[in-house]
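For reference, the chain that follows is the form predicted on its own, supplied as structure tokens.
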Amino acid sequence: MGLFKSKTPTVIGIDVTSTSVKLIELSGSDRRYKIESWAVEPLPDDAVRDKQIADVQTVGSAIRRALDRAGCKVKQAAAAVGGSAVITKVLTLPADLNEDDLEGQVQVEAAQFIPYPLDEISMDFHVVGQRGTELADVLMAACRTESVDTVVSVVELAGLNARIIDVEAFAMARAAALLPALRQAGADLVTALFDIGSTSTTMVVLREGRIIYTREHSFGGRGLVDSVQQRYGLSAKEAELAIRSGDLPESFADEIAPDFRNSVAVQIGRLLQYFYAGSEFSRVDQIIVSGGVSALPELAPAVSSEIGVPTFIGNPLADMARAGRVPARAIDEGHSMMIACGLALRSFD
């Protein structure tokens, strides 16, 4: 199953996180999109662990419930793998290789840094740019086949056809193209995206719309949930709902939020140092933060102040229209739909 497969019928984007299933269906063209279906369905603890689906039946049932609530009739789905299951790398290879020779060279290169036998790996690649006339940059993605098969299983259990299995980082980059900060970016601008989930953060660095770096990091919003839960005597689910809705005591703004904003800034700074150390770049020009944590008030100014780089909250749904059955909060919560949106955009490849 190709990770870069294109020319597909309309697909519904399905993002399986450690706490919920998120799905979205889009219509439209020329970057003028409309949300046709949207739903978020919570998952019980341990259904997904470390971005790996642990309970196929539970996750498949949650997708089915989300589809029913959304009223979605689409039967083709795009889902993604992420976290430690995926290895991505930009390879620099001769530009004059034909498709077969290029595939063989990618496999030779991949064998040097993939810590699994190649017969246990699903791998795909895509030429993303040229370096002069003799060299080409080739983006390669590799994933344990068992991880891909698990995602396919939960999608099919929900009654859908797993038309596309993508990579979370690639879905983020696709959705980010809708953001004003990217649309207005100059040709040489380097943008660092950080999608902060419950237990992990996906970092993607873009230049000229192309991925030049990705990394996963075990930091997420769970720490904020734990702090709210302990401080106000709430259950984990109650704490998550209170954070999402902003329905928190006044003391939250002074007692909990500042420390967590600082933690986010520190972790983003740490990830940027990994990027600088592992690439030819020594700067980023802007930072975009998405994920549930990005709803925290004053987060972008806090990160910008700490790191010294302009920072924005990424909501790819902000300028979209919506069907009558789609609630208004779908737009408001678009910052947490970056991956699902990027998957749904595969309909327009």
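Just count from 1 along the sequence shown to find any residue number. Worth saying up front: this structure is predicted, and the values here are computed from it rather than measured.
We do not show the form predicted together with a small molecule, though everything after this point is about it.
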Answer with one of 160, 224, 139, 164: the residue that has a non-hydrogen atom within 4.5 Å of the small molecule in the model of the complex. 224
Thinking of 20, 244 and 295 as the candidate spot, does the small molecule come within 4.5 Å of a heavy atom on all of them in the model of the complex? yes
Residue 314, heavy atom within 4.5 angstroms of the small molecule in the model of the complex: no
Is there a non-hydrogen atom of residue 82 within 4.5 angstroms of a non-hydrogen atom of the small molecule in the model of the complex? no
How about residue 240: is it within 4.5 Å of the small molecule in the model of the complex, going by heavy atoms? yes
Do residue 191 and the small molecule share at least one heavy atom pair within 4.5 Å in the model of the complex? no
Out of 58 to 66, 285 to 293, 301 to 309, 320 to 328, where are the residues with a heavy atom within 4.5 Å of the small molecule in the model of the complex? 285 to 293
